[in-house]
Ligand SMILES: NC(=O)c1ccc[n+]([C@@H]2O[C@H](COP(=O)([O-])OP(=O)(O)OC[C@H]3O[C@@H](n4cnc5c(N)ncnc54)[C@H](OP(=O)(O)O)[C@@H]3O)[C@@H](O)[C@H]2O)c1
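Let's start with one chain on its own, the form predicted on its own, as structure tokens.
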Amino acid sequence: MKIGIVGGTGDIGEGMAMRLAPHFDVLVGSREKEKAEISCQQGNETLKKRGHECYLSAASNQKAIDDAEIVILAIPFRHLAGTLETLHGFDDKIVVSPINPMEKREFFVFVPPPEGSAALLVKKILPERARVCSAFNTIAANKWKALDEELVYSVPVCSDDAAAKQQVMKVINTISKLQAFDAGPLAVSAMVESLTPLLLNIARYNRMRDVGIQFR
């Protein structure tokens, strides 16, 4: 299976790519091909030193979409609409949104778009045949690159496409010690996205780091 990461050279994208590459073919997408090539070279070297036989491939964001079966949107919310409007080819693709619309004010605040969540905005912008899911929303960005640490978190997954949801959950369950949970339809994504500013506030006010969630 090929997984394409739009915005794959950002902190979340690079970490996701290295976590996924031992199990899947990963296309690291970027607006700047040279930046993607550097990221892949460094990622491949890091993984090889850790004994993993895998290969990260550099691509434009568009090629990452064209050649992949699952597309992960590792882009900030403020760039979401502008980025998606420049891309195409999402028909019949599973599209995963880990995006959280929030702002840092006196404390972190959930600021959803009129659609209700970033994932619902993605669904509105993309073609009807795009199979949109939300996942990975509550994992701290820096944890993806901390390869010496296990990711022991629960991951809620939302989608209106049951088959796409199950496929994304299978992918999640291959990464470190992540455990995927069916959180319901895409409308529930607003509840999940709002957890991230809550987790950041808990971490801030209790002097904690990298707070996550677990369901038991």
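Quantities reported herein were computed from a predicted structural model and do not represent experimental measurements. Counting begins at 1, following the sequence as shown.
In what follows, reference is made to the form predicted together with the ligand, a form of this protein that is not presented.
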Taking 4.5 angstroms as the heavy atom distance cut-off, pick the stretch from 88 to 96, 75 to 83, 125 to 133, 109 to 117 that is near the ligand in the predicted bound form. 75 to 83
Three-residue site 58, 63 and 167 fully in contact with the ligand in the predicted bound form at 4.5 Å by heavy atom: no
Report whether the minimum heavy atom distance between residue 35 and the ligand in the predicted bound form is within 4.5 Å. yes
Distance check, residue 10 to the ligand in the predicted bound form, heavy atom within 4.5 Å: yes
Any chance residue 121 has a heavy atom within 4.5 Å of the ligand in the predicted bound form? no
Although the ligand is absent from this view, report whether residue 31 comes within 4.5 Å of it in the predicted bound form, heavy atoms only. yes
